[in-house]
Ligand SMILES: O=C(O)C(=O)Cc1ccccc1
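Here you get one chain, nothing else, as structure tokens; it is the form predicted alone.
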Amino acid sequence: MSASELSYTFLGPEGTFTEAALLQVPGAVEATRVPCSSVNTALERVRQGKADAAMVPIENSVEGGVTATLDAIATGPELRIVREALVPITFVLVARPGVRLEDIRRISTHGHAWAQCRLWIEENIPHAEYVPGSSTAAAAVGLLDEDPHYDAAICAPLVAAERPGLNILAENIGDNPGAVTRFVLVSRPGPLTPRTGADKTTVVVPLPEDRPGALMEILDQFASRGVNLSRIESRPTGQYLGHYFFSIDADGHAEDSRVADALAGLHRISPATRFLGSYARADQEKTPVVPHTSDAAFAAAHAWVNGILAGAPGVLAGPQGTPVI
């Protein structure tokens, strides 16, 4: 299928950081891009076969996980993460012509953007009230309505540049100049993306029962096999108070023996574990592997056990077949 025949959804409207992440995907410029008003809508179009994949935010370096995405991919028909993208985040404050900083009483933006600009707001417009927006771009576009119910919006510089009728009142208003948001490209289940040696695996693991040591059993599946976790977050399942699932990013690919073994261990403990994909890291940082958790070490160990079961002498051998004294 050519790039022009592909269809992507993303958290819109046009000009969001999410679209900037999508444009990092090869061929996305030529593909059909459909902005959606929410993460759920973008993912649902993929589940229904109306789009090939959706780009959605999943984690921010300042605010942590994007709960709307974490919850949406943890439930419903299964989806697969096939790619991630990182986008540096900068914010501007925009308003209609004639509006001054001292005139602003209400500001709209996405919740994560508001959280990343709180200190600037408190210092410069301490009386301003927050009006939740579905996205930063949607908040900015809303100012162009005939009678907007807020005075200003926090958005990306690109949105302001592309929308006549918006004046930039302040630039670089983010509290953390190094802020980055991580986005994931999500499609329907299919063949795994090839491992690169710089990969992540994402899973959702329901806590099988709320008791002492239950979380430790889950974490031990990774620790005992030398698999590092780059993110772990708990989210309520919504079934009843105290019932949680854990959204986990692990370093490595499902084709890596240590990761595959950890996944099998997770399934034994929590059969409802949901595999969300193995995909290349956006930063291309290689995953360090200690010798005893390498594929060769796992292969040698399985060969040793199989030899015992076949009646061969039980000689303990290292990864290269050399006897270990």
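A residue's number is simply how far along the shown sequence it sits, counting from 1. Model, not experiment: these values are computed from the prediction.
The same protein also has a form predicted together with the named molecule, omitted here; what follows describes it.
- Contact with the named molecule, judged by heavy atoms within 4.5 Å in the predicted complex, is confined among 160 to 168, 197 to 205, 135 to 143, 221 to 229 to 135 to 143.
- Not one of 8, 41 and 45 is positioned with any heavy atom within 4.5 Å of the named molecule in the predicted complex.
- This chain is displayed alone, yet in the predicted complex one of 131, 173, 89, 254 has a heavy atom within 4.5 Å of the named molecule; that residue is 89.
- For the options 270, 287, 293, 60, the residue carrying a heavy atom within 4.5 angstroms of the named molecule in the predicted complex is 60.
- The closest non-hydrogen atom of residue 112 lies within 4.5 Å of the named molecule in the predicted complex.
- Using a 4.5 angstroms limit between non-hydrogen atoms, residue 116 touches the named molecule in the predicted complex.
- Mapping the unseen interface onto this chain, residue 183 counts among the residues with a heavy atom inside 4.5 Å of the named molecule in the predicted complex.
- Using a 4.5 Å cut-off on any heavy atom, none of the residues of 147 to 173 reaches the named molecule in the predicted complex.
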